[in-house]
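Shown here is one chain on its own, the form predicted alone, set out as structure tokens.
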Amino acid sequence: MSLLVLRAGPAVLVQDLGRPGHADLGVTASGAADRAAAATALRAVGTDPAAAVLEVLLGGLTVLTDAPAVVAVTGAEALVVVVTPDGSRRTAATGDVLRLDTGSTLEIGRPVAGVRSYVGVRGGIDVPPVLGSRSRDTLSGLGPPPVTVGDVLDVGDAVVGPWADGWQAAVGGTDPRQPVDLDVIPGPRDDLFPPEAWDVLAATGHVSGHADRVGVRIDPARPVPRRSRGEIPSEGMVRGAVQIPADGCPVVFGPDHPVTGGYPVIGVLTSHSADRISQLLPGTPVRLRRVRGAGD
């Protein structure tokens, strides 16, 4: 079976768990920005967690199926609409597991909370892997190109169990007026910062307009101080690393991040917080909260 893309919105990418282990080639791990949401979508449709999903930025996706299909939409909270071949429409919500007849369309509206929706299809999106992954890396251009109108997406056979008929995934909306607390594990260059740097990070800042899969810049309450203004050798790093450039405005590395480029990393977001920041709109108030690390 396959899905014909009728509308693609601002950006739709094929993503899976990514391609870790290729840093020596200068290739970052990439993969779904909100990994928990992607995994939930695949689990709901009884599909291998290593299979690929569609990552939909700010909604606007419409696909037509040429065979019966089971799908689940997770992540950002948005209106989901199924239109049957006879033209009848039924609405659903983020988290519903949906059965589609041949010739039905699935529409995902603009989110009311969060920015990235994930479409899991029973069997997984089947595109040729690159370095063992079906993920699109927006920084290096590796992996399948962005999904556009007219694309036909094949569905694979990575089924591992029954789908969750009648089940609905939990959706965690965010009150845009309240600060979002993001947990940070200290290191690896925490020693290059004075203790008051953590006080600045804990004060309310805001997600800036510079936010994508490569990184999210945060406008802090005031610049984060460093013991030294000098640069250090570039280092390989992981998703969720909190780098402090010379201007003192933190940058949180996304799934398609580069190496550090000479600026120290004060800490790394927990996996849950790394997922959460990927769903925040510019302007959202945030606080970076230090949690105990291995050296504490």
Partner chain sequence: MTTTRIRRCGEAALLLECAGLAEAVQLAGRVRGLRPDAVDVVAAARTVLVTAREASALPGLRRRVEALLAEEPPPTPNPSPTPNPSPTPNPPSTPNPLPGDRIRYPGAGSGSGGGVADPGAAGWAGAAGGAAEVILDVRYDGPDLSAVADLAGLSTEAFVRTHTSITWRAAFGGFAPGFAYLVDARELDARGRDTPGREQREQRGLEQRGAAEPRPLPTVPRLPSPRARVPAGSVGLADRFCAVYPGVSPGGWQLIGTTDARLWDVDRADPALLTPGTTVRFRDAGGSHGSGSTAGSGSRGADR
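Note that this is a predicted model, so its numbers are computed, not measured. Numbering follows the first chain given and starts at 1.
Not on display, but discussed next: the form predicted together with its partner chain.
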| query | finding |
| --- | --- |
| Non-hydrogen atom contact Thr40 with its partner chain in the model of the complex at 4.5 angstroms | no |
| Distance check, Gly236 to its partner chain in the model of the complex, heavy atom within 4.5 Å | yes |
| Heavy atom of Gly26 within 4.5 Å of its partner chain in the model of the complex | yes |
| 4.5 angstroms heavy atom contact with its partner chain in the model of the complex for Gly187 | yes |
| Residues Gly21, Asp191 and Thr260 all lining its partner chain in the model of the complex, heavy atom within 4.5 Å | yes |
| Residue among Leu131, Leu79, Ala202, Val207 with a heavy atom within 4.5 Å of its partner chain in the model of the complex | Leu131 |
| Partner-contacting position among Ala44, Val268, Val251, Val70 - heavy atom within 4.5 Å of its partner chain in the model of the complex | Val268 |
| Segment assignment from 115-123, 136-144, 193-201, 217-225: heavy atom within 4.5 Å of its partner chain in the model of the complex | 136-144 |
| Direction of Cα pair change Thr260-Val27 in the model of the complex, magnitude 3 angstroms or more | closer |
